[in-house]
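To begin, one chain is listed below as structure tokens, in the form predicted alone.
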């Protein structure tokens, strides 16, 4: 566990309040309050310390951060949020946890704060936040319970959100006479050519469980696949799902050695260490490539749109943040959320080396970072149904798909029967949880 507290910075805080005291400073009521924030011990959040310092200096609200390894975050948050009075005032979740948190009554709807003129900055402009990020991370209750829709409600704001893009080695592609792939046919042809030349083609997550599933999902969406249809029937074993699995097998066969053991960090490290020509995954690879502590290839990397298959369809993922239902400092917590996702806060995160969530921030900095123009073009293709953000996803992700896809990439067995068997297991889980109860009613 890693903790730090941001406190008012002496003269700066005093000066700020001296100037604004006569203007009914909206933060004055909460000066001296300490809020506790739970978020992951990841690069974006470590860099956010500078933003926290700025927030505390300007508002007088102290922030204590409980930073945990992200796979340990969910259990800790559920434990605290299930108490009559919890320790946390702000929690940051991986997008697939949002449905579970809301279904258990653990989060506070943000609408009650957005009705308060005393709390809401009129310049906040929520419409400027990338729609894919806002819907994917913060809205619950729309179509299928997790997608946009009239029945949806806002529970969180994106912070550390992402979509997928393609990074590639400019020098390798030029030397091999390979054009930057725009389609999956072109990508697969490039991987084959690189493999035949003895050059590792694409790196990927492949470790058994949620990592290999995430690797496969990156290809399922653009190839036209889904996990479920609108009546919750598993459809990931159709032609699109099998083709995506075949792509994963080809990646494992032509990519760097060790893909079946690669988690996110391993896959990224292989690309950043010069052991792969292609990387298709989170946009966070760009900031990592610029970091000399992580990358050996900064000046050799180009960025392009996630290749298309039958359609465009990039990842929706990352993190969002909201307020626990049992927080004792909800209004101060809202002011913190509003601040870190404001236009000012978003620009500060860029300056600190983090990833923005606002379209205006991407546009304002498009000439400074090579990936920003690509992200701006990519975001309209981000797939809100990239994975089903339902409480059962953890089981499906790890115990069903995560096992089947390991068999796909580590054997030469026919793929269709593997995916069919996984679909039957998925159907049994959905049956157990009551998803087909309405089947014979209407």
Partner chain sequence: MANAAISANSSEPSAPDGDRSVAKAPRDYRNIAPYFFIAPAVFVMLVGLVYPVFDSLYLSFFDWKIGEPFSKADNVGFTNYLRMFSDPDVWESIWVTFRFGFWTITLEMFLGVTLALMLEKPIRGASIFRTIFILPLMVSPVVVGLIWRYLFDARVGWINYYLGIWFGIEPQVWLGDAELAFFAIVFTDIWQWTPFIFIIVIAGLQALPSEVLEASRIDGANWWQQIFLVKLPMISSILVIALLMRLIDVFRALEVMYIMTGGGPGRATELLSLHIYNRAFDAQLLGYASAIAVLLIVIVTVLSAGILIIGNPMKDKSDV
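All figures in this text were calculated on a predicted structure; none of them were measured in a lab. Positions refer to the first chain, counted from 1.
Beyond what is shown, the protein has a form predicted together with the partner chain; the following relates to that form.
K.L.:
By the heavy atom within 4.5 Å rule, which residue out of 385, 395, 64, 53 makes contact with the partner chain in the model of the complex?
P.N.:
So the residue touching the partner chain in the model of the complex, by this definition, is 395.
K.L.:
Given that the partner chain is left out here, which of 311, 368, 104, 123 has a heavy atom within 4.5 Å of it in the model of the complex?
P.N.:
Of the listed residues, the single hit is 104.
K.L.:
Might residue 192 be said to contact the partner chain in the model of the complex, defining contact as any heavy atom within 4.5 Å?
P.N.:
Answer no; every heavy atom of residue 192 is more than 4.5 Å from the partner chain in the model of the complex.
K.L.:
Any of the heavy atoms of residue 420 lying within 4.5 Å of the partner chain in the model of the complex?
P.N.:
Residue-level check for residue 420: no, no contact with the partner chain.
K.L.:
Consider residue 240 of the chain shown here, and say whether it contacts the partner chain in the model of the complex, taking contact as heavy atoms within 4.5 Å.
P.N.:
Contact with the partner chain, no.
K.L.:
With a cut-off of 4.5 Å between heavy atoms, is residue 58 one of the residues that contacts the partner chain in the model of the complex?
P.N.:
Residue 58: no contact with the partner chain in the model of the complex.
K.L.:
Go through 36-44, 377-385, 396-404, 412-420 and give me the stretch that gets within 4.5 Å of the partner chain in the model of the complex, heavy atoms only.
P.N.:
Of the stretches listed, the one contacting the partner is 396-404.
K.L.:
72, 82 and 208 - do all three of these have some heavy atom no more than 4.5 Å from the partner chain in the model of the complex?
P.N.:
Contact check passed for all of 72, 82 and 208.
K.L.:
Check each residue of 161-193 against the partner chain in the model of the complex and list those with a heavy atom within 4.5 Å, in sequence order.
P.N.:
Read in sequence order, no residue approaches the partner chain (within 4.5 Å, in the model of the complex).
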